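One chain comes next, on its own, written as structure tokens: the form predicted alone.
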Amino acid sequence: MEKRMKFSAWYVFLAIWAVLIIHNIISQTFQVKTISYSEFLGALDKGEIAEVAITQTHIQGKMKTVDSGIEKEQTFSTVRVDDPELTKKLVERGVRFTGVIESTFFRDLFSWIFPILLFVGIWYYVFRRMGAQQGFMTVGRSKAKIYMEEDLKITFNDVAGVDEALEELKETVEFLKEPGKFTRLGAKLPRGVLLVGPPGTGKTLLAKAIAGESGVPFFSISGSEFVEMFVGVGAARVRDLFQQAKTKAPCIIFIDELDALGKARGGMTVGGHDEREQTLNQLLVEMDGFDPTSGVILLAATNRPEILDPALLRPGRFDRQILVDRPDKKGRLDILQVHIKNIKLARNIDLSEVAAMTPGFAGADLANLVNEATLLAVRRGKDEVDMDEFREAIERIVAGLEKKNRLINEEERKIVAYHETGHALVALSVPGAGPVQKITIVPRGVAALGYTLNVPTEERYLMKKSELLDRIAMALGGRAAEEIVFGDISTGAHNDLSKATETARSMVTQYGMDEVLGQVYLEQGSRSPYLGVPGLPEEKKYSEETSREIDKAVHRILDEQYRRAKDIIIRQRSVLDAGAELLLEKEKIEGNELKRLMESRAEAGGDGAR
């Protein structure tokens, strides 16, 4: 790819400065001194005039001057006065004179025309280096980056963890390599392939891998690059993009972040005309117009398919949708093996353990994890990356940067220690909370004064009601421990309350797990399946009485699980005290250490683990 120089206003200032300097030098070189007629006669009487040229209005010539003891000739000019004796005086002084003025063409050329041409040349050069895409006259041209076969070094070997998506896309590669295999029986490849999935799962990487495997030109552009402030520019860019693609067929057009361009029409529009809708209409027209057998494949990626216009998703346009989801444990292991190819690893590295500790991580998260672990090893002066760095990197990503310099008074440290031990104690006492790996009171991130890390040992796709209740009880265990030990509560449970309330409300409104309300779906508003953020609020489809029942059901679940957490803490009070003291002493303890304390107290006659 040709590298383009980034435009800067300094280039314009430098060009103007250079032109002024050159103009000044040229002006001084060809400078003409204007004198009065009396000064001219005085110089003539002194014999300082060397030669003159006389016209009807001016007298111009050269006069001798002395500068620092050196005799020089100075070009002068004066207004001609009707003087019958002038010719006689010139003859008497031996001055050569003529009635023809010397041409000023070259002087004018170098003093004015040449600087202007120089300035225009510099301006043209700067705009050429800026690239044609930034020029005003080419505002309607497509901004797509074109990658040729030699520019794309990415193949399917560089993609891991999305085996199902790869199998779907291999058919696209076969069509680009052997179109006759499909057209022989009259088959038509889907006009558009839409890659959907959470951010960071490798949708763009997959598109580049298809182009790299098939060896065809690859047009890459973002959906936001079509829409501009000028009306009609987006539609013009769409037309230009498809026109360029047809000239380079077979090829691939890839539109990233399609939701920026393809939002559903008919919503609330500010102003009298929606440029984005016009651009979308042009895209729909172009997708209908190009021949599917021409070898132009349209790929697009989005993580918000729920907001796309239905006309984009109908058969004949983006009629094939491929899910690129977060990888499972095996997929994460495959992705880790791709990213560690250039990393020096210690012998004790167990990538399967790392994959098990990272549920929910996408491909970009795993790449960041490997990089963070490598940076930690470099910071510690190690020659290899071992499991300690990977565990620390996971904690940095999940909980934030460790802040050992944050000063916390002893009273607050004690509250945090009991709070986190309460979480862990409840988690170890209920069956569905997941294994506790680490408990720490070292501050991390923006506001976390401590945290309890529990990571599931296996992939889970369904949650039972009892497991959700166990997780709510664990989230409330810290607040319960504070109330029992100190007789008061702190603000440290705000995040716990948020998670517990959200889980309880989901149980009532989405999963139909409340005995009073029954098997009814009562969720209000739409939610992105991949981003986890709510969409535009919808009108309530239930009464105010039902809304009050929902609130009562949520409160009932939270109150029951809070009482359950308090009962566990009261029964395990001696373990809570011992665990908090150990945590205050070491600042970090493993989950197994607290579990051994519970087992030892149980053997001694107290309440044991679950």
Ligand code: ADP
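Being a predicted model, the structure only gives us computed values, none of them experimental. Numbers follow the displayed sequence, beginning with 1.
Form predicted in complex with this ligand: not shown, discussed below.
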Handout entry: Position in contact with this ligand when the complex is considered in the predicted complex, options 364, 468, 397, 260, heavy atoms within 4.5 Å
Key = 364
Handout entry: Contacting member of 412, 158, 277, 328, with respect to this ligand in the predicted complex [4.5 Å, heavy atom]
Key = 158
Practice task
Answer with yes or no whether residue 198 is in contact with this ligand in the predicted complex, where contact means some heavy atom within 4.5 Å.
Solution key: yes
Exercise for the section: Answer for residue 351 alone: is it within 4.5 Å of this ligand in the predicted complex, judged on heavy atom distances? Expected result: no
Exercise for the section: Answer for residue 335 alone: is it within 4.5 Å of this ligand in the predicted complex, judged on heavy atom distances? Expected result: yes
Practice task
Examine residue 476 and determine whether its closest non-hydrogen atom to this ligand in the predicted complex is within 4.5 angstroms.
Solution key: no
Handout entry: Per-stretch contact check against this ligand in the predicted complex, the hit in 84-92, 238-246, 159-167, 343-351 (non-hydrogen atom, 4.5 angstroms)
Key = 159-167
Completion exercise
Contact check, 199-221 vs this ligand in the predicted complex, heavy atom within 4.5 Å, ordered by sequence, gives 199, 200, 201, 202, 203, 204, 205
